[in-house]
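Listed next as structure tokens is one chain, alone, in the form predicted on its own.
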């Protein structure tokens, strides 16, 4: 009985996720909707990262802001992503010494 419940719950959650993947190629949106949909990953990423930037050290949020600025600067000059991450980590490390 429990296995059928698990299979049923898996189907109920999987179907709404797979249906849009199959019909999205056939749907045509206006240009402004396409631009809006293209901005969603960046907005979601910002919403996930920004609270963490401010809570690196709760009593000193400027440390996270400076590390984020270092990461933005390094990313702007097109260095490798590993260098961007290491630069942000190093800036937090040196500011918390």
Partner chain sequence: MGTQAIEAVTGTTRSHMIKRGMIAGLPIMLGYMPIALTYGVLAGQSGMTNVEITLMSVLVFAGAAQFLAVGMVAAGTGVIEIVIATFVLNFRHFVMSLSFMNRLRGIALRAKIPLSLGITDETFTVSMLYRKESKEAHAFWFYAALILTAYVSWVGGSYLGGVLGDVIPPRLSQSMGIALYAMFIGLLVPSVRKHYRIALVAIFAMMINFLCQWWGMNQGWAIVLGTLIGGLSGIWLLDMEEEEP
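Computed from a predicted structure; not experimentally measured. Positions refer to the first chain, counted from 1. Between two forms, the rigid core is defined as the largest C-alpha subset superposing within 1.5 Å.
Just so you know, the form predicted in complex with its partner chain exists too; it's not on screen, but the next bit is about it.
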Although its partner chain is absent from this view, report whether residue 55 comes within 4.5 Å of it in the predicted complex, heavy atoms only. yes
Please determine whether residue 49 contacts its partner chain in the predicted complex, using a 4.5 Å cut-off between heavy atoms. yes
Determine whether any heavy atom of residue 44 comes within 4.5 Å of a heavy atom of its partner chain in the predicted complex, and answer yes or no. yes
Hey, in the predicted complex, is residue 60 touching its partner chain, heavy atoms inside 4.5 Å? no
For the stretch 6-20, which residues lie within 4.5 Å of its partner chain in the predicted complex by non-hydrogen atom distance? 6, 8, 9, 10, 12, 13, 14, 16, 17, 18, 19, 20
Take the rigid core as the frame of reference and indicate whether the C-alpha of residue 35 shifts by 2 Å or more between the shown form and the other one. yes
Can you tell whether residue 76 sits closer to or farther from residue 32 in the predicted complex than it does here, judged by CA atoms, where the change is 3 Å or more? farther
